[in-house]
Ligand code: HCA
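Given as structure tokens, the chain that follows is alone and in the form predicted alone.
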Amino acid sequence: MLKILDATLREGEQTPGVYFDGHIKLAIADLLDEIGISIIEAGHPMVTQEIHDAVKQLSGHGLRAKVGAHSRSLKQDIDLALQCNVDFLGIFYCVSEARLNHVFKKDIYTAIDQIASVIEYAKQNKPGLLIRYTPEDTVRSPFQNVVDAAAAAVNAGADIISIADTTGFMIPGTENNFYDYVSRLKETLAAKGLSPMIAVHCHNDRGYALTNAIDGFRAGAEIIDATVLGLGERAGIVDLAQLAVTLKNDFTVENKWDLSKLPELYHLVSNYSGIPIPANFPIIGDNAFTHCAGVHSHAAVKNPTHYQSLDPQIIGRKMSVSLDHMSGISSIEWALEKLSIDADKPLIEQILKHVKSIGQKGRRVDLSELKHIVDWCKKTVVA
């Protein structure tokens, strides 16, 4: 069964200026758990004492999801994560030649020894721990380095190998695509008698994170990383709502996700991250299921599928119609029906004229204001 790993509390806090207090992290984790997320990456305990304490609190909170920590390939990081009693541990170490030569000052063999030793150490101290090894910047590293490091990690006790597109380098339809990369890595490891779970961690620097993640899934990845609002370093990673809805609606992935909780989760994260939800944001944005132009609204009122490829009820939302300068008669009739207001044709035409004049000022009319417009126009029509 495909698993979603939500990294809002770890990768999400790598968004400049974003930090969640412990009680907010708990509230976010509760909603993620209610949705049915498999793994919640709660933070990197080495970064601050507050993050360490929050990871520990979440791991003891009784969630159905596995609660995880992030860790460098260092024993002191492993010790801090184990102190938090996490169920999942993500260990990373880059094996690109540039990082090995210019940052770590190590050859690939020394690096692999370090990776394997910390994984063995973690597994010995907590045998049931689910361990992921990530060769950071996987897709730009020499493939043989990735294979050798991944094989050593699995032999040392890693359960998952994560393919990280750390810089948003991969482009669908080119020679650098996730489908081919995941397929190649799985086949190469299988030839060595190794079959770890494969995860994909896709950054959105060039706008292809979701597409790359879906390509990875199609090639057999069992875990996909995501965050609420796609938060994360630079342009962030895969957006949770877009991923979950696509997998559930279009790929009919076996799951027990309750996606009706997504709007509540997104507003909570937006409120406490200070990152607004764009009105035109897919799935969750205010305009995602709102029809504006008269032709669109006229058809959508009769049958929403004329201008919607997705049923908003999958996340507990409903179709709506915008009342502004683009509105037509059908938009006004739809709104009046919502308000249980009867109106004849002359009154409707007068209301429409008034709504259009407001829309030309760059403003939308909501249903509560429309009631006042109806009262105003009734007197105008009578006069």
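Keep in mind that what you see is a predicted model, and the values were worked out from it rather than measured. Residue numbers run from 1 along the displayed sequence.
This protein has a second form, the form predicted in complex with 3-hydroxy-3-carboxy-adipic acid (HCA), left out of what is shown; the following refers to that one.
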>> Counting any non-hydrogen atom inside 4.5 Å, which residue from Ser96, Asn177, Ser273, Thr166 sits next to 3-hydroxy-3-carboxy-adipic acid (HCA) in the predicted bound form?
In response: Thr166
> Heavy atom within 4.5 Å of 3-hydroxy-3-carboxy-adipic acid (HCA) in the predicted bound form: which of Glu136, Asp79, Asp159, Asp286?
Replying inline: Glu136
>> Using a 4.5 angstroms cut-off on non-hydrogen atoms, would His291 count as touching 3-hydroxy-3-carboxy-adipic acid (HCA) in the predicted bound form?
In response: no
> Any chance His203 has a heavy atom within 4.5 Å of 3-hydroxy-3-carboxy-adipic acid (HCA) in the predicted bound form?
Replying inline: yes
> Is there a non-hydrogen atom of Phe92 within 4.5 angstroms of a non-hydrogen atom of 3-hydroxy-3-carboxy-adipic acid (HCA) in the predicted bound form?
Replying inline: yes
> Do Glu13 and 3-hydroxy-3-carboxy-adipic acid (HCA) come within 4.5 Å of each other in the predicted bound form, heavy atoms counted?
Replying inline: no
> Okay, which stretch from 195-203, 246-254, 295-303, 117-125 lines 3-hydroxy-3-carboxy-adipic acid (HCA) in the predicted bound form, with non-hydrogen atoms inside 4.5 Å?
Replying inline: 195-203
> What residues, if any, in 56-79 have a non-hydrogen atom within 4.5 angstroms of 3-hydroxy-3-carboxy-adipic acid (HCA) in the predicted bound form?
Replying inline: His70
